[in-house]
Each structure stands twice: as structure tokens, then as C-alpha cells.
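Only one chain comes next, encoded as C-alpha cells, the form predicted on its own.
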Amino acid sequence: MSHLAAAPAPSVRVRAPGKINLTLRVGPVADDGYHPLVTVFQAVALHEEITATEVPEGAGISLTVEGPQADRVPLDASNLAWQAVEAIARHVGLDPSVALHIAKGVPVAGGMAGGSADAAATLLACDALWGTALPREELAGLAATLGSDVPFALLGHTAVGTGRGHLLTPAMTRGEFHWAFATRDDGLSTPAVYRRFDELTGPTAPSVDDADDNGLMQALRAGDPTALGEALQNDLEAAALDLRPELARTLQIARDGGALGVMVSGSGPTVAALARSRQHALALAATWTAEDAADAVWCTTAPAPGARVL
């Protein structure tokens, strides 16, 4: 009598990118408690990979994580990937039961939207696993309910974000850009950075309607890293530096190393440096390590595609 092994449960693997904000313009807080934003997102080739595996109906959601800083990722309903399962299950009227496994490649709590990439990848993975075949626009609508950065992780490449950052217009770019990132083990709370921004600017923050990113868009269209480096802008940088003064040294080391542009990424505490080449990015990262100006360093290229089934 032959013993047939049980077939493995069906599963779907999806990869989604982290991001940087090439510019981040922040207006004064609105009545709804949110700040109007104008930002230029660029997806970077640091990825999260989500594997969604079928489980019996009623088994509920389970979550496992591997990779750098995996111990800092929540494994319960506070995780955006978990919330993504619940959101799409509600939307399509299915039981929210699935086993999720996250392989991390984006720094945790570094302002690079690793959690948002997990959520975007989970939406795509559950849609494929459950055969619900939602149009991309519908997935993007669900993504926007989970967080301002989640729709961009679905889209990828380069895009202008308005509203809370969730209204996206794809942007033309040419060529490839080389980045080095310095990350810190202790993250910065995004709400805390926005609170400090409000304290520093008061109601005097300029309207984002006046934001002029023409120079940046021209640099992207021309594939000109030198012009791009000069156009980088982050309105939250002063607030992040106020909360973490030691980041000023990390920025200065990259400037001294010839980076084409350096800034705090998003709400921090990650510092992003635009390099001339892959070798230059590696050299910048090595200097940060030698000067003990980062807990971890990462080198990668941009732009990268959005979430996709592997």
C-alpha cells in the first residue's frame, strides 16, 4: 500500500518595495488632524516578500517574520499586513483566514515604508490566493484605507503623492540612481516627528500648493543624479534632527564623502545619501560604519517596480 504525501497547501509569494521621499513638503495640520502633503516617492530595490498560504476556513490569521530586525515586528492585529488581510476579506465577503510569512528586506521603523510594503504585498497575495481578481484600482482604494504609503508600494517606480500622500500620479524617470542608507536600531515615531514639526513651524508652515518641484522632476526625466541630489528636500528633517541631534553627524559624514545629496528619509531616523555610482554608495556606507554613525547600512538602486506576484 503506497503512502501518498499530502499535497502542500496552495500559497502565493509577492514582493513589494520600500521607498524614499525625494521631496516631502508638509503643510500646516488640517481640521481632520492630517497634514496636507506633496511628495515625490521613489521605490527602492530593498524588498519585503510576503508568502500567503491557505489554511482551513475559520483558522484565522497567523503571522511569522524573518530577516533583519524581525524581532521588532508585531505579530498581531497591530501589524499592517494583518490589517490588510482583514480589509480585503471584508471587502470581498470571505473568511479572513490565512498564514502569512514576511521575509524582511526594508529597515524597520526607518521611514522607508516596510510595513506599508507588507500591507500592499498582502493585498495582492490574498487576491491571488483567493482568486478574487480585484482590479488594480480597487486594490489601491483598499490600500489607501490602510495607510498613506500603501498605495505607492502597490504602484512602485516614481510618483507624485498629494492629499495625505495617497493620491498618486506616476512620474517619468530615466536611468538608475544609487543610494546608501544609514539606519538606527531605535526608530523614530512618525506622529512624534509631526508633533515636533507643528511645534517648530506653528501655523506658519507654507501651503503645499506653493511647492515647486520642477527642478527635481527635470532631474528625474533627464536621469541626472547631480541635479537630483541638489533638489532633495524634506520638510520633516528639522523636526527629526531636533528629536535626534546625532543624525546631523551622519548627514555631515555623507556630505564630506562627496554624496550628491543627503537627507533624512521621510520621518527618519534613516539617512539617505545619493551616490555617483554603486562603488561610491558602498564607500559612503563603509565610512558610516567606520565612523560608528549608523547601526546598519544598506546600498541599493532606484527606481524599482511595485508589488508583484513572484
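What you see is a predicted model; the values in this text were computed from it and never measured. Note that residue numbering follows the sequence shown and begins at 1.
One more form of this protein should be noted, the form predicted together with cytidine-5'-monophosphate (C5P), which is absent from this view; the next part is about it.
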Quiz item: Is residue 259 close to cytidine-5'-monophosphate (C5P) in the model of the complex, meaning a heavy atom pair under 4.5 Å apart or at it?
Solution: no
Practice problem: Answer yes if any heavy atom of residue 158 is within 4.5 Å of a heavy atom of cytidine-5'-monophosphate (C5P) in the model of the complex; otherwise answer no. | Solution: no
Self-check item: Partner proximity in the model of the complex: residue 132 to cytidine-5'-monophosphate (C5P), non-hydrogen atom cutoff 4.5 Å
Solution: no
Exercise. Could you confirm whether residue 136 comes within 4.5 Å of cytidine-5'-monophosphate (C5P) in the model of the complex, counting heavy atoms only?
Key: no
Exercise. With cytidine-5'-monophosphate (C5P) left out of view, choose which of 148, 233, 79, 173 has a non-hydrogen atom within 4.5 angstroms of it in the model of the complex.
Key: 148
Quiz item: Which residue, 91, 196, 101, 164, has a heavy atom that falls within 4.5 Å of cytidine-5'-monophosphate (C5P) in the model of the complex?
Solution: 164
Self-check item: cytidine-5'-monophosphate (C5P) in the model of the complex: contacting segment from 49-57, 33-41, 65-73, 240-248, heavy atom within 4.5 Å
Solution: 33-41
Quiz item: Looking at cytidine-5'-monophosphate (C5P) in the model of the complex, which residues in 165-194 have at least one heavy atom within 4.5 Å of it?
Solution: 190, 191, 194
